[in-house]
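This document starts with one chain, in the form predicted on its own, laid out as structure tokens.
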């Protein structure tokens, strides 16, 4: 990206930061990091209050800004051992990894569905966190961040946080252990849909599959009488109300079990486990896209191409310096060929400039 594009982006960013709403609890206890060439070029910054932070962004306008998940006595101290750790938010990073510069954006909807499951089934459900302690934010690029600010979780160490991620991802999950043969004649006893955790999740998922695609587990269940009889047994924890053999029933549940975990939680678990990790500041701008890491009130209705764009701005005339595939934003955009020159809405022009695919049309390569 050339100097003209960098200058343009900084002006847009600074204008936004002059009015942006930041919700950073205990900001004076957070370490901050900023980046221009990389996402974090410098860290160990700290600010006494939100106005100090805003002034810094308006006057210096980095391309990326992050804050610690941890709280410290001396957040600006270095090295880390001198900061005086006081606890940390529990943060989850859900991301899409795909080939090519633009490959991930077609899959944002799938990550959003995983975020909904993570929050509703695991954080609010299994972990018992209250909704007011959960903040969901778009990452500004290829995924979402979930911040859990429940005091009950602040003191957890790295190993405990790793265990929570492993649980969410289903590491070591063996659903066959949910079943046993009991009584004479032997009955297959298993989880009920009313149960919590993975047991209840398996039972509810099985019933949902039987109702939505009854022939998937067995052609037997295409018959309403057979299906309803089996479902009535599952509701009571008796999985034997079918002519299928017990071991055959359990084997056929593999596809249901495979969909129980949240598989797009970042597999390196670094954001959750590393207590010195910095995470993008919610409502700041992602320097690779020009999209806001927007705090989301209703994720089911969230559309990043509409809700995370920087508001306002006149259309910008750009020239593409490489081929770009078609992308579904709030509308079909592209494909573009190298040397195509056209006027785009500001958020689209900024996006392609920051991706290194386009330049302001009167600028030279």
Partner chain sequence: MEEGLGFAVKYPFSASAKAALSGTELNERIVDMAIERLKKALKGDKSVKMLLHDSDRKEEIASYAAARMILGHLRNNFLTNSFAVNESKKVHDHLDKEDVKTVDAVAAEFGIVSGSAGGKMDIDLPTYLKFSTRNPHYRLINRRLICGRVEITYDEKKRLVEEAVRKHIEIIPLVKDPPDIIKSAGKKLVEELPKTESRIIANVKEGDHPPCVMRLLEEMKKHQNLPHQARVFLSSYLIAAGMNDDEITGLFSMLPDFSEKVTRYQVGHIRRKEYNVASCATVMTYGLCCAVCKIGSPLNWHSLDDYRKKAIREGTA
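Just so it is clear, the model here is predicted, and its values are computed rather than measured. Residue numbers count along the first chain shown, from 1.
Beyond what is shown, the protein has a form predicted in complex with its partner chain; the following relates to that form.
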query	finding
Interface segment, criterion being heavy atoms within 4.5 Å of its partner chain in the predicted bound form, picked from 278 to 286, 120 to 128, 103 to 111, 133 to 141	120 to 128
Its partner chain in the predicted bound form: contacted by all of 156, 159 and 170, heavy atom 4.5 Å	yes
Contact residue in the predicted bound form, from 199, 149, 252, 187 (heavy atom within 4.5 Å of its partner chain)	199
Heavy atom of residue 166 within 4.5 Å of its partner chain in the predicted bound form	yes
Non-hydrogen atom contact residue 95 with its partner chain in the predicted bound form at 4.5 angstroms	no
